[in-house]
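Let's start with one chain on its own, the form predicted on its own, as structure tokens.
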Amino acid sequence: MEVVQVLHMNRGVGVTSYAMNSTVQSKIISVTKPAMMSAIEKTLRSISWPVTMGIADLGCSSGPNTLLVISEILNAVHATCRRFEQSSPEFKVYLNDLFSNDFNNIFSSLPAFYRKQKQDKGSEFGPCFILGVPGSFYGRLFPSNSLHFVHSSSSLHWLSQVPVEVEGTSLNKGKIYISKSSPRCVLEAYSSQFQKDFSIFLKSRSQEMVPGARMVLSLMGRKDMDPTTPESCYQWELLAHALMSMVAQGLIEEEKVDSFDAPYYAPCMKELKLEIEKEGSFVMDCSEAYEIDWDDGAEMASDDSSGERVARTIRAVVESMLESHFGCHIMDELFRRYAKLVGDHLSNNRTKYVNLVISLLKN
């Protein structure tokens, strides 16, 4: 599976789109906000109030969260400049995601975004130039020494590829991600792939960021060193159960399930710290771990079960990969079964995601 070609959030604004099913990611952005505001203030003060400020949001996706993040960043810069009686810089804002991302959805929202920024901030607000930058963040994306602040939310748990030791094999039989029943070699392959990818990510950003710049990253993770803990993999376990139930009824070939593995890894904080220290370009400023409800804790509509809500959230994120492997004809039935399994699980468990947030200072 070529991840850069098949991984994208569901496009548009339909019932299964990412734009309409990304409240969990919005919740993550809100809990990350204090770390982001602190990092921006420290950055502006340490790099002597730049005339032009380069900002990148990596894995920006599309829908309301994309410009929400940018708005929060610009608000933080504006507030800091006013507090210290400094002029607002001009902004070069880079929105990055893979080539198949729905950039058109973002660009069509920009006129309203620009109007609101001008209305809220008036003449004190510096010009803001927003650019789309398609490509993988596991490699260079921007000119050297061009970025002052980098943000990434709900993206770095996606790997550049399924580990080569696992892809296309039946090593992880009946599963689509790490599981309690996965062989040790599968766990080690996923961990090794994450280490390689995260090291490349750090090295690439170190070349693009100016000294004293900061980066705030949030990603799905786990609190325990054990990668098979439910908090890091149970959503995939239930999806595998849904697929295997279709195998049992002859709707999918078992070999199809055995040969699919998700390009995903939820690390623990210790793994992040070890790789940051090993790569050597950044110092960790702060770190936090937050728990987020699978259904984001929001009240449900009367005709909307928690299982259905979670299933739509997951579908909006992973459907492109599943469709490329299994075909589009099984998607509705697959996620109907998945919603039932999730609903049954949540009726007896208050399951949460673990979201890791780190702030890094460029040496």
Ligand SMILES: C[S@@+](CC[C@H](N)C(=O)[O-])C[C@H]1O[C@@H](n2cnc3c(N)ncnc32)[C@H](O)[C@@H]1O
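Sequential numbering from 1, following the sequence displayed. Since the model is a prediction, treat every value here as computed from it, not as a measurement.
Not pictured, yet referred to below: the form predicted together with the ligand.
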Ligand-site call, the ligand overlaid in the model of the complex, backbone or C-beta contacts under 2.4 Å, 3+ atoms
open
Just one of S155, Q235, Q193, S182 has a heavy atom within 4.5 angstroms of the ligand in the model of the complex, so which one?
S155
Sole residue of F137, F282, Y264, F198 within 4.5 Å of the ligand in the model of the complex, by heavy atom:
F137
Y18, I29 and L98 - do all three of these have some heavy atom no more than 4.5 Å from the ligand in the model of the complex?
yes
Please identify, from 137-145, 71-79, 225-233, 109-117, the stretch that has a heavy atom within 4.5 Å of the ligand in the model of the complex.
137-145
Quick one: does V342 come within 4.5 Å of the ligand in the model of the complex, counting heavy atoms only?
no
Please run the contact check for T43 against the ligand in the model of the complex: heavy atoms, 4.5 angstroms, yes or no?
no
Is C60 one of the residues lying within 4.5 Å of the ligand in the model of the complex, judged by heavy atom distances?
yes
The ligand contact at L356 in the model of the complex, heavy atom, 4.5 Å
no
